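This document contains two forms of one protein chain, each encoded as structure tokens and listed individually as structure 1 and structure 2.
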Structure 1
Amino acid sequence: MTPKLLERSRLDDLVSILSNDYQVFGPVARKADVSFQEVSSAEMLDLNYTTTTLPPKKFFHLRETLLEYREGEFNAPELDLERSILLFGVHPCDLNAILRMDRLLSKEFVDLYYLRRRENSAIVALNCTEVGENCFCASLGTGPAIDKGFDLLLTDLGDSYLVEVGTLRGQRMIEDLNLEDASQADLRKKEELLEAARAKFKKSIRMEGLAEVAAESPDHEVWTLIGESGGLAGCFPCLSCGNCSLVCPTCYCYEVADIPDITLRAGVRRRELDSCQLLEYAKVAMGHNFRPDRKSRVRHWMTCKFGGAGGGLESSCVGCGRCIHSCPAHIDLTEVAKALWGE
């Protein structure tokens, strides 16, 4: 389908049409951050945002009641959504992360809880024409533009948005708006803006082969510097607080627990996101912990983000920069990569 043009002033028309069929969530500016929140008008959106505190995984894989039990019987609860959700303004890095999580959680181990939330969701993506100070998606090919995974894709051309359609559902979203076709000049402008964005990145990472380099360097001094003492490129040693993995759009590890009610005869089995940076994460039966020291935990997380752990490339970094921003100690994945490469 030919790309369309949506005048900026009509953005609200789009949001209100989407609100008819979906519960719409988009980036909303808060006191000092941006968060995906429910929106009822375009006015509430902050589409110039660079990043959000939590990635869109908060809608798919944050906390879940897996089953409810009572007197030996159990059942999985119904999906707690009144309507399908629509995520508006998802950046390419985050959409790439969603696509990876889709693949990871639908292979040998099919995560029905995740997939039913995904099946009840739609995505209006937004290409990045501005770049955040911690962004490095360009060096990973996960941004600043995307060409898959969305129902609609917006690119901010200034006075208007270029609207590209990814699915039949996306086509239906805009059919009542009677948008005019975008011109060749509009498409050229999109490419120019994205090219300009690519030139704005301050951070980058050389990822190909990095997992192998990390795996071959378990005793590299960089792990001591960030895990124990010294720091690297102005950072302090890791706090083991777990912020990096909670905000990472590809970190999926979770913890499961049974929570009995006061009768002890009924209760729920719940899961919530966990973090390999926490001491208890690698604690196994009889109390043994196979990653008791901070250095081995931080090395494990970084190696996973380089594509070298159980999730393979599906849990690897998309360059959103959230771990850098949310780290109280300023640990920077791209600096660690440089050190491993000997740069």
Structure 2
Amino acid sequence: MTPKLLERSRLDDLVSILSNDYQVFGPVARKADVSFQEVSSAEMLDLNYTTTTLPPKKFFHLRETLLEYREGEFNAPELDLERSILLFGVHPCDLNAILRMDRLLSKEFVDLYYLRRRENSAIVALNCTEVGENCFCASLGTGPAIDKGFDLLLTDLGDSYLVEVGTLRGQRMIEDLNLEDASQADLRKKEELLEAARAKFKKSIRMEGLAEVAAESPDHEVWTLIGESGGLAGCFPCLSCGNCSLVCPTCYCYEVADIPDITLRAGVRRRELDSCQLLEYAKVAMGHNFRPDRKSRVRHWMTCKFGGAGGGLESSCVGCGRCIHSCPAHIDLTEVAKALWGE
């Protein structure tokens, strides 16, 4: 379908149409950050954001109750899928992360909870024309632009948005707007804006072959520096707080716990995101811990990002930079990679 042009003043018309069929969530500016929240109008959206605190993964894979029990009776709650959700303004790095989660969680062990939510969702993506100080997606080919995985794709051209359709569902979303076709000048402007964005990146990473380097260097001094002594690039020792896992758009590990109430006659079985940075994560029966020190835990997390989740699927890092921004010890993934490369 020919790309269309949506005047900025008509953005609210699009949001209004989408709200008829979907529960719409988009980037909303708060006091200290930007977060995906439910929106009812375009005025609520902050489409100039660089990165949200939590990735949109939170709508598909964060926390849920698997089982409820009371005095011998058990009940598996039904997923609330009465109304579809639509994520508006998803950046290319986050959309790439969702696509990787799709592949990972539909392999040998299928996560039905995740997949049913994804099947009941739609995405309006937004190309990046500005770059955050911790972003390095250009090094990985996961931004600042994307060409798949969306129903609609927007690019901010200034007074208007270039609208590209990715699915039949996306085509239906804009049918009633009667948008005019974009011109060749509009398409050229898009490419010029994206090229300008690529020139703004301050961070980069050389990922090809890094998984092998990390796996072959379990005793590299960089693991000790960031895991124990904190002597790399002015950072402090890793605190094992788990922030990096919580904000990472591709971390998928979770724990399942039975939580009884005070009477011991009722309770719930719940699963929620876990982190390999926490001391208890690798602890097994009889008290043995496979990764008892911070050095081994931070090495494990970094190697996962470098080497790919799910048995070498691909790099599980998309260059969003959230782990750098959220790390209280100022550990920088790109600096660790440079140290491993000997740079």
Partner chain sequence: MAKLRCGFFKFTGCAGCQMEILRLEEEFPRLLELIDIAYWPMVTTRGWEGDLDVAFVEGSVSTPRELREIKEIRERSKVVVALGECALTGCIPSIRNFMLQREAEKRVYDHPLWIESIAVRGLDVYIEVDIHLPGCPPHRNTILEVIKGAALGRDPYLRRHSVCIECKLKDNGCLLTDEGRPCMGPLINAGCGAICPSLNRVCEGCYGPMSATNASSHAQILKEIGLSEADIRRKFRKYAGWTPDFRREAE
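Counting starts at 1 with the first residue of structure 1 and goes up one by one along its sequence. Quick caveat, the model's predicted, so the values are computed rather than measured. In this text, rigid core is short for the largest set of C-alphas that superpose within 1.5 Å between two forms.
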Item to check | Structure, 1 versus 2, that is the form predicted in complex with its partner chain | outcome: 1
Checklist entry - Any chance the CA of P260 moves 2 angstroms or more between structures 1 and 2, core superposed? => result yes
